[in-house]
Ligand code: SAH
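Just one chain follows, in the form predicted alone, and it is written as structure tokens.
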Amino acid sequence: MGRKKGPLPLFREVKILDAGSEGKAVARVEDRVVFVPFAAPGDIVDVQVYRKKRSYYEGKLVRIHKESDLRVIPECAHFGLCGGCKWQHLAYETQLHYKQKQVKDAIERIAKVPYGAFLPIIKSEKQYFYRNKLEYTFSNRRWLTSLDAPKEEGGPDEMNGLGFHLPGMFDKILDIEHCYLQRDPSNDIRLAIKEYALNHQMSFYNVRNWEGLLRNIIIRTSRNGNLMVIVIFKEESDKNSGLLEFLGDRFPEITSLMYVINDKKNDTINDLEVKLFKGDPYIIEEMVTPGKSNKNLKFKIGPTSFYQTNPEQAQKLYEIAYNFAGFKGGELVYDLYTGAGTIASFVAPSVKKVIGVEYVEEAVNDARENMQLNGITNVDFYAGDLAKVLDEEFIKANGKPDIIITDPPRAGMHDKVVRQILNAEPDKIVYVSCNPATQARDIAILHEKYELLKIQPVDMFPQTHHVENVVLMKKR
């Protein structure tokens, strides 16, 4: 028999030293790092350890003896349970400080290369209600807080909930009363759907048994007032059309009302048919190109299309990438991980040609449609795994790039892609990243031939630890 593990320790009056990765605060006890969610640098707290590793602990804040001067009162009543906005208890300027520090630490500790200008982080003018997309989940097993007594003791008799997954709990949903991430009428729509479903005895999904009619809702908005609502049902039912008709009548501002039948054991809908109930099968988002072209771009956003979730900051992010590239007009540009072609269309009016490569074929179809919508003819798109597509034959067929813009997912670029960029030897590389750590890893490899000239963090997600970063690298 294995040795029985002892109880995990309770550390008393621990000083929080820093704000670390994944939005967790950092302390140090017994020469080990302790990660603590929802604490603030400067707090003096008690921490109950729930996970012990060789070099660190993970713990839960159980008592605050002294609050940090950096603390503010969170706006959201769900703070501390919902994992979506883990930094609401920090003043916005403090959030920006630690995001800038996160980027600087990644460059200096992971990339370990010399760098030029490190520019101050660009803040978001909107600190709340900035997202254009949210997804909510139905559950008949909503989370009961410490204030909720069991039903037999006079507690809640309604276990159905509509909201967000609790961190680390696939089968528990935090019922959301008011969310500060998406502008009205997002909250009103969610609450109206929940009320209708309860009044009409529509069953909420049970993820353990894969039973229940209502699974998810997705709400997408655009800056010009378009509004898309997608309701995901488990199966066809006479009750479905009733809910959809109710939504259309109650919220005439919905320009695209759609639904999906998902009887799979996962929530993804990319491989399922999305059916139009009312309105258009897309919404329109707009963006203005910089420079002399000053072109007003329009983007069709379908139910599964990718688009930056903070559109105002996306405009700034792409302007930074554009300015870093310093286009003269005759360049051949490769746009890697192009998605729906937003960056490609943004720079196309200022260059000779753009080659966009993306591994999601549906996104490439969206990109091609957006080029037609905007009358852009100097962009070609290719779908496929970049590690396989971007080879010497591809470069020979499409031409040696003068500038490469790359915006990979959080995992960063595949090593083969990084090596092929080195082989292609563009004059400049503009690297946009949502994960400074993997970006720094790739920068370390690219440093074989390129120097790091500029670094520009951008806050796309206020109240969270997430930060975007743009760097300019130039061939020696």
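Small disclaimer: the values here were computed from a predicted structure and weren't measured. For every residue, the number given is its place in the sequence shown, counted from 1.
Not on display, but discussed next: the form predicted in complex with the named molecule.
*Asks:* Looking at W87, Y318, F299, Y259, which is the one with a non-hydrogen atom within 4.5 Å of the named molecule in the predicted complex?
*Replies:* By the 4.5 Å criterion, the partner-contacting residue is Y318.
*Asks:* Would you mind picking the one in V207, L247, V360, A111 that has a heavy atom within 4.5 Å of the named molecule in the predicted complex?
*Replies:* It is V360.
*Asks:* Which is the contacting stretch out of 248 to 256, 319 to 327, 176 to 184, 380 to 388, given heavy atoms within 4.5 Å of the named molecule in the predicted complex?
*Replies:* Correct option: 380 to 388.
*Asks:* Does P41 reach the named molecule in the predicted complex if we count a contact as any heavy atom within 4.5 Å?
*Replies:* It does not: once the named molecule is placed as it appears in the predicted complex, P41 has no heavy atom within 4.5 Å of it.
*Asks:* Applying a 4.5 Å heavy atom distance criterion, does Q308 contact the named molecule in the predicted complex?
*Replies:* Yes, Q308 is a contact residue.
*Asks:* Are any of the heavy atoms in P37 no more than 4.5 Å from a heavy atom of the named molecule in the predicted complex?
*Replies:* Because no heavy atom of P37 falls inside 4.5 Å of the named molecule in the predicted complex, the answer is no.
*Asks:* Does at least one non-hydrogen atom of D407 fall within 4.5 angstroms of the named molecule in the predicted complex?
*Replies:* Although the named molecule is absent here, D407 would touch it in the predicted complex, with heavy atoms inside 4.5 Å.
*Asks:* Would you mind checking 325 to 348 for residues with a heavy atom within 4.5 Å of the named molecule in the predicted complex?
*Replies:* Counting only heavy atoms within 4.5 Å of the named molecule in the predicted complex, the contacting residues of 325 to 348 are Y337, T338, G339, T342, I343.
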